[in-house]
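Form predicted on its own, single chain, as structure tokens, below.
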Amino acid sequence: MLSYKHIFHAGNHADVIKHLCWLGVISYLKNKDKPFTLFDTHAGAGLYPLDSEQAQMNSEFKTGISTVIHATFASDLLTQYQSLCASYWDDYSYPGSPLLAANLLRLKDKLQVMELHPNEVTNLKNTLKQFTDSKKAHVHHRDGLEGLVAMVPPPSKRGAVLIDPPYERKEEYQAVVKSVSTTLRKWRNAQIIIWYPLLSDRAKGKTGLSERLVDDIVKLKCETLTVELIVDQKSSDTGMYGSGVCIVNPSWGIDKSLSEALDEFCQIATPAVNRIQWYNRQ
């Protein structure tokens, strides 16, 4: 099934928590002079026009990047996120995770991005052309979880992974766990960010699968840090009432920088109900 397109949800509250975490991990890797490699398993189109019919359908960006772009923050991480998005906002567009990462790469660093949807991978190649031309980024038309397992560990042995499937099928949850487990056997010190939705009873058969995913990741016996952003009441009609990230091998200080950024985001975010929910490092 390849029906999912991120344009309908680009720049929403889920993108905010996911991309803040992604930027935080990349910034930590840049503290050392050694090269690193980033892997993005479900890269999407890379850039999303917010004035498109799809983005305007539910205008989800109004609960995310729209509240961030003109505010003033004390958080360095939130300020960096705002700055990276600003030039694209001038064209009323939102940069996805591969484009955000590509903008942070040094000459020695690499970005491996994967996308299976044929239309989206074409858009992705166009979006990242300047980075692929310079050999900083490489676009792969393949299943992201399969591609990740095939390409790790990178030559540099340093790096991070972002996994954010659409979770259209129930089987995707366990596929993520299996992929993370195999990746860690091959690359034990990989920093892995797994994004997941928080779904109410409206999701029926998918309700509770994200919570089980996190439990299964924790059982892999690596250090983990999990944070969730709740934007609505958990009720039978809510659908996705928030989302979270589970970070495997979290970088030092990511909990503090994420907390500061999300605290400030919650103060300005549009939904009336918003809070951060933390799980201790395990």
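Each residue number is its position in the shown sequence, starting from 1. Predicted, not measured: the structure shown is a model, and the values here were computed from it.
Although it is not shown, the form predicted in complex with a small molecule is what the next lines describe.
A.B. asks: So which of 101-109, 142-150, 208-216, 78-86 is the stretch with heavy atoms within 4.5 Å of the small molecule in the predicted complex?
C.D. replies: Correct option: 142-150.
A.B. asks: Just to confirm, S97 within 4.5 Å of the small molecule in the predicted complex by heavy atoms?
C.D. replies: Looking in the predicted complex, residue contacts with the small molecule include S97, since a heavy atom lies within 4.5 Å.
A.B. asks: Does the small molecule get within 4.5 angstroms of any non-hydrogen atom of Y48 in the predicted complex?
C.D. replies: Because a heavy atom of Y48 falls inside 4.5 Å of the small molecule in the predicted complex, the answer is yes.
A.B. asks: Taking heavy atoms only, is G44 within 4.5 angstroms of the small molecule in the predicted complex?
C.D. replies: So G44 counts as contacting the small molecule.
A.B. asks: Does at least one non-hydrogen atom of L116 fall within 4.5 angstroms of the small molecule in the predicted complex?
C.D. replies: L116 belongs to the contact set for the small molecule.
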